[in-house]
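What follows is a single chain, given as structure tokens, in the form predicted on its own.
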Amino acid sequence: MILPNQAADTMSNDAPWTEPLLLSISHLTRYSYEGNVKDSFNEARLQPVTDSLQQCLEFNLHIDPETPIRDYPDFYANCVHYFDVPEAHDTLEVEAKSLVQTNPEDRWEIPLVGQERLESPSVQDHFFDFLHSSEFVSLQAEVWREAIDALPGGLTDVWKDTVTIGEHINRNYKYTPLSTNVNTRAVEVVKKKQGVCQDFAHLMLGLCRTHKIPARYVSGYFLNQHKIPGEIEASHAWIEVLIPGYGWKGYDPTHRRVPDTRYVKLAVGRDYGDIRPVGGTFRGKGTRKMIVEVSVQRLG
């Protein structure tokens, strides 16, 4: 079972939000199957993280058919909820409800970091996973050429060049819903010149990694102030780069901006394959229909 990931807003570059926000989030995934299935084993990465930029104040996960839920941290410290449904069933609902307080960034000025610092063993060894190819981000020739086009002069400063790469994607790629699917790879995005937030995140990972910038995928939500009443929202995706001497810093190529207090982070990984919101296996003919409903509301 795989949850599609599409952007929750159209491309924009409005002023960043710096006020703390209290956000209520509901995320429902409903599967209906082609007859009864059984021995369903599943993982969910739906609990928002708690860090300096956000606090998950409340979280509740409901499964129907009802079944015990266990949780554990994965390799990248994401909270994973595991559950299985051994008996026969023809539908499965996974509903997560969260209350999150988001806070503005208050860290010091971003330092200038050049190529030499990125080549140090402390970076190359500790962040190996975020410097090389992964399931959705293969550093093939097409991705390499796009990386050169984005930074023709090569890397001079990690953060400045990260922003340049993000702006290159935003300027040259068209946000087009349904033009790709959940399994689209970065090299396909280069060829299509279009996609959604997941695709732009994967592409930006490839361009950053080509220039030896450690970069990781981020899944989460975005408060969409322009949605039509009753419109179903979706999950969102962006990236974070590692700046030695500073830490991880986010950038959203879909909206051409740094994530602010409208953003809620769920999980991080090498790419989408590491952070699927809901994924698993079962015995049966297959899935007839999947419905995903996401709501992000501001409470204060």
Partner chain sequence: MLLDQYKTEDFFDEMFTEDGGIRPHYQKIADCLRSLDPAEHRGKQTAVDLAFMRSGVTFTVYNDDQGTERIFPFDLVPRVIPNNEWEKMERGLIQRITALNLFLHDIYHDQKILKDRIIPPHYILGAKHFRREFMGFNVPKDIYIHICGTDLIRDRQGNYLVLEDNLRCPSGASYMLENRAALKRAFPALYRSARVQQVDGYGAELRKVLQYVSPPSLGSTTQPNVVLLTPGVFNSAYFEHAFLARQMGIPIVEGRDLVVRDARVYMRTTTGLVPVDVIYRRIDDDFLDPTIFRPDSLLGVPGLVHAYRSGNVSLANSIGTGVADDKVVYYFVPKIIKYYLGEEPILQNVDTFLASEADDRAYILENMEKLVVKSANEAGGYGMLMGPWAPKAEVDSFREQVRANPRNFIAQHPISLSRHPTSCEDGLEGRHVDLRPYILYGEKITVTPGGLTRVALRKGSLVVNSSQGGGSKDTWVLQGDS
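Residue numbers count along the first chain shown, from 1. Because the structure is a prediction, the values reported are computed rather than measured.
One more form of this protein should be noted, the form predicted in complex with its partner chain, which is absent from this view; the next part is about it.
A.B. asks: Looking at H255, R270, H27, R262, which has any heavy atom no more than 4.5 Å from its partner chain in the predicted complex?
C.D. replies: It is R270 that has a heavy atom within 4.5 Å of the partner.
A.B. asks: Is the gap between Y175 and its partner chain in the predicted complex 4.5 Å or less for some heavy atom pair?
C.D. replies: Looking in the predicted complex, residue contacts with its partner chain do not include Y175, since no heavy atom lies within 4.5 Å.
A.B. asks: Contact with its partner chain in the predicted complex for W144, defined as at least one heavy atom pair within 4.5 Å: yes or no?
C.D. replies: No, W144 is distant from the partner.
A.B. asks: Looking at the partner-bound form in the predicted complex, is D106 within 4.5 Å of its partner chain by any heavy atom?
C.D. replies: Residue-level check for D106: no, no contact with its partner chain.
A.B. asks: Just checking whether T287 would be counted as a contact of its partner chain in the predicted complex - the rule being heavy atoms within 4.5 angstroms.
C.D. replies: T287 lies outside the contact set for its partner chain.
A.B. asks: Tell me the stretch among 50-58, 37-45, 247-255, 234-242 that has any heavy atom within 4.5 angstroms of its partner chain in the predicted complex.
C.D. replies: Of the stretches listed, the one contacting the partner is 37-45.
A.B. asks: Are there residues in 270-284 with a heavy atom within 4.5 Å of its partner chain in the predicted complex, and which are they, in order?
C.D. replies: Contacting residues: R270, G280, T281, R283.
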